Structures are given as structure tokens and as C-alpha cells.
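This document opens with one chain alone, in C-alpha cells, the form predicted alone.
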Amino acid sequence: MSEMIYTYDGSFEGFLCCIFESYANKEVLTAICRDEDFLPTLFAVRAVQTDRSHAGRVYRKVVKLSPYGAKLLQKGFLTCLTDKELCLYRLTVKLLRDGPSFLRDRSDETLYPVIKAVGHLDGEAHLLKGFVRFSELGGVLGGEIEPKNRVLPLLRSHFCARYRDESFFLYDRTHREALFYTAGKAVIRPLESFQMAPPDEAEARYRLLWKRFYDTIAIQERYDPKGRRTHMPMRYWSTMTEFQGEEAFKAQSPSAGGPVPGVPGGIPAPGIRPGSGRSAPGSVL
């Protein structure tokens, strides 16, 4: 079997097509790169076109062998694991060749990196269920997150159930995609750039109330910075209302009744530069 580098469109179906093509052409993959990330090389390269029928055949075969393995494949694709495509490709090759018995051995060198990455994905999604802060923007709830993993597909059911009678969006700064929900329907779409609108007076006051509540319930004698960072990692602070500076509490158009009261002092969120990313992976289910 010859060795080959594959490029694909970055979708989950496209990745499954890479697996299909490697078997169809009897090629061993040494790298799998998204089209936008590919750099010229002297090694043999093949551009793989996405074909949903091919992707479906691969996925159904994996499900037949192991539903658990299929779930690992799907979740693993959402992680920030280095060279995740190659890791998932090797996992799939081993599953197709040897069967699912190795999936019970968490120390297996092919399985362990994926298991670890999926655990990190699940943990981050769990934390964000409590760390997301929504603002009311003209009758629509809006929020932002800055995760390492592509957690929107995992957060979708939670927030759609929680706000089933609302319209809302949740923007992922890192991967530049957003979850939109209205009238019982939810979609995840790429959104290259986004700027949250400033609050109106009512929203500014609600933000102020929340920040004052957060600061008031703190017990100075039990202040534990290390414990705080353990339970509320600093990398999430940049999108949490209670850690924002004064600009986040300024109304767009204050009423004649007077300006919004001053913001109490707090710990500002660290500046984190947004990363790049693509749309949420499609599903072959």
C-alpha cells in the first residue's frame, strides 16, 4: 500500500470520505489536512471530495461494529486534539481491522489520546453550561463563549431545552460559529466576524445587579484565589459578565432619569485573542 497525504473540506462527512478513499485506493494516510490549512509539500497529496453516500457507508460500518466507537469518532472530531484527523483515522482503521475489543483497554496507544481529548471536550461543555452569560438584545438573548473545543453541538440540547420559549444565539469566538435558536428550531452556522451590540439601559442595569450580587456574596475572610481559578478557570472570564470592565455596563441610550450607576470594582477578565475555526461538523446520523 502506498503512503499519501489527504486534504478535505474540514467537515465530518469530508473526514469520513478520507477513510473511504484510503480503503478504495489502498493508501495509508500519513496526514489529513483541511484545505485551508494545507501547505505545499513534496510528498504525494490527494484532494478528497465530500460525498455523503461514501461518508454514510463508513459511519454505518463503524456503528455496526461499535456504537461506542462511532460516538468516540463523532465527539473526537469536535475536540482540540493535535492531529485529531490522523488519530481518529488510526482508531477507525484499528476498529475495522481488529474489531471493537481494544475499546475496553483505555491504555491502548491508539485509543488513549482520543479518550483523553473527548473527556476534555465533555468537561468543557459541562463547565460552560454554568459559565455562559446571556444578554437581552431587543427581544433576543445573546451570548459569547471562547472554548478550546467545538462545544456548540454539545450545548445545543441543554440551552434549547432551558430557553425553549425564547429566541437566542450563542457565538463561539474561537471557532467563529454560532448556535441560533428560534421557534423550536436550532442550527449551527459559520459566522466569520461578530460584535455584540452594546446594552440598552434595562440590560445595563441587569448586568450591574448581577455584578453587585456576585461581589456582595463574596466572603473576604475565605478568599482563595487558587481555589477560584480551579473551579472557574481564568480563560472563561473574558465572556462572563461579572469580570467585565465599565464599558460592558454602559447603556447605549440612557433615559432622562439619569445615567446608569457606577460599576463596582472587580477583577477584569484577561484579554484573549480570538482564534480561527470552521463551522460545526455535519452529522451523518
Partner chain sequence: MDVLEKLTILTDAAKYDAACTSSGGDRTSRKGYIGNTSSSVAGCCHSFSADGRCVSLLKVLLTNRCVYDCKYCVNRRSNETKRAFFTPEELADLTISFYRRNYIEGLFLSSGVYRSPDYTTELMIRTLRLLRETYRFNGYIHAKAIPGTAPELVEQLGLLADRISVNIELPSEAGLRALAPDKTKGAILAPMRQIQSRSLQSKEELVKYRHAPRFAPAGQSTQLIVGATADSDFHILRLTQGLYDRYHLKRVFYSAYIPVVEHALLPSRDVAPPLLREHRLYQADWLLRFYGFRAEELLDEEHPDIDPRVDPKCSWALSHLGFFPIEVNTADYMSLLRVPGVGVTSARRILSARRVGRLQIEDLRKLGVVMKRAQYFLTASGRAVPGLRFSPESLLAGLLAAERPSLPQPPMEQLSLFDSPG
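A quick note: this is a predicted structure, and the numbers were derived from the prediction, not measured. Residue numbers count along the first chain shown, from 1.
Another form exists, predicted in complex with the partner chain; not displayed. Remarks below refer to it.
Proximity of residue 180 to the partner chain in the predicted complex: non-hydrogen atoms within 4.5 Å are absent; the residue sits far from the partner. Among residues of the shown chain, residue 176 is not one whose heavy atoms approach the partner chain to within 4.5 Å in the predicted complex.
Using a 4.5 angstroms limit between non-hydrogen atoms, residue 98 is distant from the partner chain in the predicted complex. When contacts are judged by a 4.5 Å heavy atom cut-off, residue 242 counts as touching the partner chain in the predicted complex. Contact here is defined as any heavy atom lying within 4.5 Å of the partner chain in the predicted complex, and by that definition each of 166, 212 and 219 is a contact residue.
Proximity to the partner chain in the predicted complex, defined as a heavy atom within 4.5 Å, singles out one entry of 84, 156, 90, 133, which is 133. Among 61, 228, 46, 34, the residue placing a heavy atom within 4.5 Å of the partner chain in the predicted complex is 228.
Considering the partner chain in the predicted complex, the lone stretch of 90 to 98, 191 to 199, 72 to 80, 136 to 144 in range is 136 to 144 [heavy atom distance within 4.5 Å].
Contacts of stretch 172 to 210 with the partner chain in the predicted complex, defined by any heavy atom lying within 4.5 Å, are made by 203, 205, 206, 207, 208, 209, 210, listed in sequence order.
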